[in-house]
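Only one chain is shown below, in structure tokens, and it's the form predicted on its own.
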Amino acid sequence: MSTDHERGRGRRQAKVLDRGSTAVAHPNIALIKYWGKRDERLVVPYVDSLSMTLDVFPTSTTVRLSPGARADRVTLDGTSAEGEVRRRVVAFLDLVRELAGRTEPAAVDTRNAVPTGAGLASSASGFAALAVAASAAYGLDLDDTALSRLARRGSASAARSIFGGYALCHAGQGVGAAADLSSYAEPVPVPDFDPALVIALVDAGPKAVSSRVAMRRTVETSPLYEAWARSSKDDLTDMREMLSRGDLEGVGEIAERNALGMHATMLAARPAVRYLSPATVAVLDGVIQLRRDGVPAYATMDAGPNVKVLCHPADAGRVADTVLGAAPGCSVVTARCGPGARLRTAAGR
């Protein structure tokens, strides 16, 4: 993982081709969540978070400058993007252009291997890839910290997908420019710990309530939110200790309690935000039964109905079978630690 980090910047500084800059990034799953923003304009989170970047579901994004065009053009999975998706991408390009002192419109083509808006961290991989590709296309020479800070402006979780393996995103301090400068991700060295993550896709459709709306409602109305945010700081300290030991059981217990606590804050919002479906609960029950049967398996969830189960690689097959038995009709993907965001070279590497 450290080698990936050291080589990442060199790959991102590869020559930008005339046909545009193409970057690839992978989603990450937060073991310690950041739920809630204290500055929505700057996308600064309330609490620190820690994640594992995955080796599945990559996003590939190409940014081509279009000096003669009248406006930016955005396509997502081969279809012209409109509405909120286009607005967020154009706002991000405006930020990159401001940093670069450039004005040219761009054509952005994004391909997601993960369902968009289903609580599977598509925004993390999407904006990490866009940050790397757009920076290269507009001639910015940013180090990893600056790229992470930039990616955060699109999605707070994207700051972590700049890095492979495990990454910690700082919530930052102060307000305004000080908050923006101090909120970024950095890699967390974790030796000899590469668990399996069995992803149960119980519903790959778009969420009825977006993460942005759900976060705002939770922060503003949930009586449980402040208590969860305080406890999350202790969870982060404990998580870093368990990761340093390579202790799957410790990591899993902390990740599960942190995720369930986050969903409890949403259920207490007014009106409640409920992402857990009957299939979600069935999978969670299956994970509990696995532990009763002696299999170390622990669940975590982002804002959506899909469940991710941490386990030893040798147990991934049994965990997958249990998930499929608990929620017939769902699909299962098994992931491991993955690489950070990077530019593709001329040969497509």
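Just so we're clear, the structure is a prediction, and the values are computed from it rather than from any experiment. Residue numbers here begin at 1 and follow the sequence given.
There is also a form predicted in complex with another copy of the chain; it is not shown, and the following applies to it.
Contact annotation: L267 falls within 4.5 Å of another copy of the chain in the predicted bound form, judged by heavy atom distances. Of the heavy atoms in D235, some are within 4.5 Å of another copy of the chain in the predicted bound form.
Of the heavy atoms in I288, some are within 4.5 Å of another copy of the chain in the predicted bound form. Remark: V47 does not count among the residues lining another copy of the chain in the predicted bound form, judged by a heavy atom distance of 4.5 Å or less.
Of the candidates L276, L142, I199, A214, L276 is the one whose heavy atoms come within 4.5 Å of another copy of the chain in the predicted bound form; the others do not. A single residue from the set P223, P191, G78, G83 has any heavy atom within 4.5 angstroms of another copy of the chain in the predicted bound form; that residue is P223. Look at 161-169, 104-112, 134-142, 256-264: in the predicted bound form, residues with non-hydrogen atoms within 4.5 angstroms of another copy of the chain sit in 256-264.
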